[in-house]
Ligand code: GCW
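Shown next as structure tokens: one chain only, the form predicted alone.
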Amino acid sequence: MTHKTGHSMLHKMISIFVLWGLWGSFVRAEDGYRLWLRYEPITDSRCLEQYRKSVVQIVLPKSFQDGNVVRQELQSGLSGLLGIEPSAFTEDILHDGALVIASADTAGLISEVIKSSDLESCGPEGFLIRSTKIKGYSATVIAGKTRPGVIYGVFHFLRLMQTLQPIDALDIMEQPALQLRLMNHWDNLNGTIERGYAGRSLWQWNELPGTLSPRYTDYARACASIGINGSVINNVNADLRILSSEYLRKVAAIADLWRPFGVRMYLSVNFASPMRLGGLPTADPLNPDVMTWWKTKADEIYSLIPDFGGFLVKADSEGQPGPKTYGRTHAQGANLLADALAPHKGIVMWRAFVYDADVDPDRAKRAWLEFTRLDGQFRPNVVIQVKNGPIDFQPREPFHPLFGAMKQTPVIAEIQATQEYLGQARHLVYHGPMWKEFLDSDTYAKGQGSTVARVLAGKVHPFRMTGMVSVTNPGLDTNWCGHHFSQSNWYAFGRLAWNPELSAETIAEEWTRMTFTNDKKSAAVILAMMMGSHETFVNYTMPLGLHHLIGGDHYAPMPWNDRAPRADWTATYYHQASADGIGFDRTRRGTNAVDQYFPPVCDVFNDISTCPEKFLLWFHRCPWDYRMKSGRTLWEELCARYRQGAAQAAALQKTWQSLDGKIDSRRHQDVADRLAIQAADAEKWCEQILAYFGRYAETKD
């Protein structure tokens, strides 16, 4: 191709871009299906000129062409953003403005500017993006040691353009901070989703393996775009049938579609499977027949899914079977499965969400007591999966004391994007600030600076495996998540699992610009709404360390709830309101939960004068007339917080209305409808909570 031909192609590309932009403006429906991968035509003239000069020609090795996901994504992204035709893809650099794609096995073309040591430095999933010159031509190189690394690099490059970032002088090298970055689905085989708020399950088991929904591929693409590299496809309350030969073939069909995107398949398993599925008389982890059954089952799985990731296990928790039935420990149970998976390099993720009342009267203490005594007894391919807080995904919790406490056993974090306790798919609650509060918490496990993020990355204790997972339950709703803004939590999880040091603001701005608009004023309004939304929700639901003020649906206020199959499923167990005061005493005078934390954290939480007020009633039982830092009494402060939260929710509704005409009409109306629900719900929370607690506080007055 000559320079003249190159200029001709550029003019043709510009014409295509103009036509595509007009077409997109008038006919493209906005229903939320495209998530943050909309690839809308760029209209900023300054950025557009730069991008056109930088991406005149696409250079792909032959192995990346003919249906490869890298080629497909570049076709989709660049045709949408810039109007580049697929015919622009070549195998050699012919003029300035080349975008060159390479991996370790296709690095010949870039060897003069990218050293093999550079690719090694990227690690197994990292990438580099570098502006350079090759053969005298200006070029941008996207390279990685592996194919997944290249995929992540391509998505990052397209993200830069989607968010109008400069791309003419790039020198980026990134690799994920955490190895395991997994979605945890709570989908059931009957098509329902436990804690799912966006329709029925994505996985059409009755049609598999013969019929493959395009959503399976679209799902994997969305995950790969934010660095998610695996997914547990089924509920932790696992249906035994998932390990049957019939269902494993169905699972394998989905795994085949995910593989090109670097997304690996994992399964939740029922510990009693050898009995209930295999017909054995026991599931005792030390029984030889049980060991053989699991090894045989692992061999079967890997014969169908060669890159299968491993098992997630909920055992001896909320009625799920486990090793304690046989007088065995969690370590012995986990090691049984780990030994079966080890020959195939599979792993076991053993959940620490256990709360046996026989262990300790305070539910918040039980997991720490169960697992710290087992530290060092787990096989090398076992990780302990720990929820971010010691109770259960509450709107605000202190970090779980197991982070930093396990020195010889890898610990990964389990967070929840599905908003089970945070308004479900009806309330706008961006989780980024909440998750950053958790990740930035200092455990002091090895002195100051031992943050949860550093613990998870293996920088406090040298963990052999690192990771973070999110309970994220997209469903068959067109927009995947029920609420358009709930997509932001899926996005934020992926970005934080890749780099826990990113700020919540940076992530929210990326998502806003990619999902809604690049208009600076409109984006700033949406960003402000998102960044304040978590504190708003806490204010009108459970401020000052209150938690679990709900009933069985985990949605509506029910502080009077005192009846449930277990005492620690009631609201009164936690708030303990009476005429004398309110709060759960976890100080050294109470349950002594504070001493599961390292000094000085334990001392800060124990002393009411230093305990952060956001955790006050989590750790302290206070009289209603306790004087807060604001100068108000505790009761006055609670009233102020609840009323402030209700007012803030109403303000969200009004602020969104100011964007009418700035956001496409369908999505604007969808969000407006939900914000109206949120404002009404916030008022309900305020009225009902204050009416209930007022019975005690005003009696005291």
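The numbering used is simple: start at 1 and walk along the sequence shown. Everything numeric in this text was worked out from a predicted model, so none of it was measured.
One more form of this protein should be noted, the form predicted in complex with the ligand, which is absent from this view; the next part is about it.
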Quiz item: Which of 397-405, 418-426, 504-512, 202-210 has heavy atoms within 4.5 Å of the ligand in the predicted bound form?
Solution: 418-426
Exercise. Give a yes or no on whether each residue among H484, S522 and D670 has a heavy atom within 4.5 Å of the ligand in the predicted bound form.
Key: no
Self-check item: Heavy atom within 4.5 Å of the ligand in the predicted bound form - residue from K297, H330, K314, R221
Solution: K314
Quiz prompt | Candidate from E370, D339, D392, D585 lying within 4.5 Å of the ligand in the predicted bound form - any heavy atom | solution = D392
Practice problem: Indicate whether the ligand has at least one heavy atom within 4.5 Å of a heavy atom of K365 in the predicted bound form. | Solution: no
Quiz item: Closest heavy atom of Y247 to the ligand in the predicted bound form, within 4.5 Å or not?
Solution: no
Quiz item: Given that the partner is absent here, does D356 sit within 4.5 Å of the ligand in the predicted bound form, heavy atoms only?
Solution: no
Quiz item: Is there a heavy atom of N237 no more than 4.5 Å from a heavy atom of the ligand in the predicted bound form?
Solution: yes
Quiz item: Counting only heavy atoms, which residues in 195-212 are within 4.5 Å of the ligand in the predicted bound form?
Solution: R195
